[in-house]
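Okay, here we've got a single chain as structure tokens, the form predicted on its own, with questions on binding and movement later.
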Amino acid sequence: MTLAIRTENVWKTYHPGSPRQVDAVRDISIEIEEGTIAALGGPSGSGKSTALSLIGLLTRPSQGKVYLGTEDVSKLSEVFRTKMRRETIGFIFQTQYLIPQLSAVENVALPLLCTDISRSKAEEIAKERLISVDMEHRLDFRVVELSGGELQRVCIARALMNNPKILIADEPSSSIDEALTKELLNTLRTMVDDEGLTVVVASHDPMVLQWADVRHLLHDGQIVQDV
């Protein structure tokens, strides 16, 4: 068994020592194998999104350790955390953050435009990623011209632009219907099977939880069940 992610007694506390103190995540320890889909389930406010932020290096734990592979990334400098995030992690957010006036290709290419890759090369890679999620017929369509399912595919393609080892998705089915959710999940499963991607998804959607290989159910910031 090769682990992609491991958390060790992780806490995340906001406003420590004040009347507003909140322990958003409390003593979480999980292990996620490479090439699997792991779901973090639970109601709103249970700590799912905070746990994703910790795994995705968007925030630091107040206590405990987070490992990506064999490396403890908890205390890395912000420079190295940013570098690792850019090179190894892709994100699908609840909000799509797509620019309506730009085409699918232009939106997907955006993450590479802040690197030393040329615009033409970035758009070439973006086209390849869009084709890989069956969007070859919509490459030059603007975001406002795309359906809900097509928008989700654009977001997946954008998340894959850095060839990540880990893909993090926060409530990916929250704004789409059941048919589009099935389409999204099938696309992600193909990525896992074909590319060995490790997916960590936070959701309270029973369909998403059932689709995952393993489930870690949270309540009040703690894991209450591993399935």
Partner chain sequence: MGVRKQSNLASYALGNVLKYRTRSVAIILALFISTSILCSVEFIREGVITDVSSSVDEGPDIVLQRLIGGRQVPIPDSWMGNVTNTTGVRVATPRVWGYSDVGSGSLLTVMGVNATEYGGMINAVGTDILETGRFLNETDYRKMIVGQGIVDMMAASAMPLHVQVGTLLSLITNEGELIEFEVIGVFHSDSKIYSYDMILTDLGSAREVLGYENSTFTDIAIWTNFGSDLNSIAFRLDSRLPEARVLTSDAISDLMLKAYTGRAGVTALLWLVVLLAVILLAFTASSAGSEEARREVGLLKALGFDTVDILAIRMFESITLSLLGVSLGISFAIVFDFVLGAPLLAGYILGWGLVLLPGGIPLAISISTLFTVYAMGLIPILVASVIPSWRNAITEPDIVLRGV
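Numbering follows the first chain given and starts at 1. If you superpose the two forms and keep the largest set of C-alpha atoms that fall within 1.5 Å, you have the rigid core. Bear in mind that the values here come from a model prediction, so they are computed numbers and not experimental data.
Below: the form predicted together with its partner chain, not depicted.
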Contact stretch among 63-71, 196-204, 45-53, 178-186 - heavy atom within 4.5 Å of its partner chain in the model of the complex: 45-53
All of Leu58, Val79 and Arg85 within 4.5 Å of its partner chain in the model of the complex, heavy atom check: yes
Non-hydrogen atom contact Cys114 with its partner chain in the model of the complex at 4.5 angstroms: yes
Partner proximity in the model of the complex: Phe93 to its partner chain, non-hydrogen atom cutoff 4.5 Å: yes
Partner proximity in the model of the complex: Ile99 to its partner chain, non-hydrogen atom cutoff 4.5 Å: yes
Contact flag, Ile131 vs its partner chain in the model of the complex, heavy atom cut 4.5 Å: no
Residues within stretch 133-171 having a non-hydrogen atom within 4.5 Å of its partner chain in the model of the complex: Arg158
Core-superposed C-alpha of Ser77 shifting 2 Å or more between the shown form and the other one: no
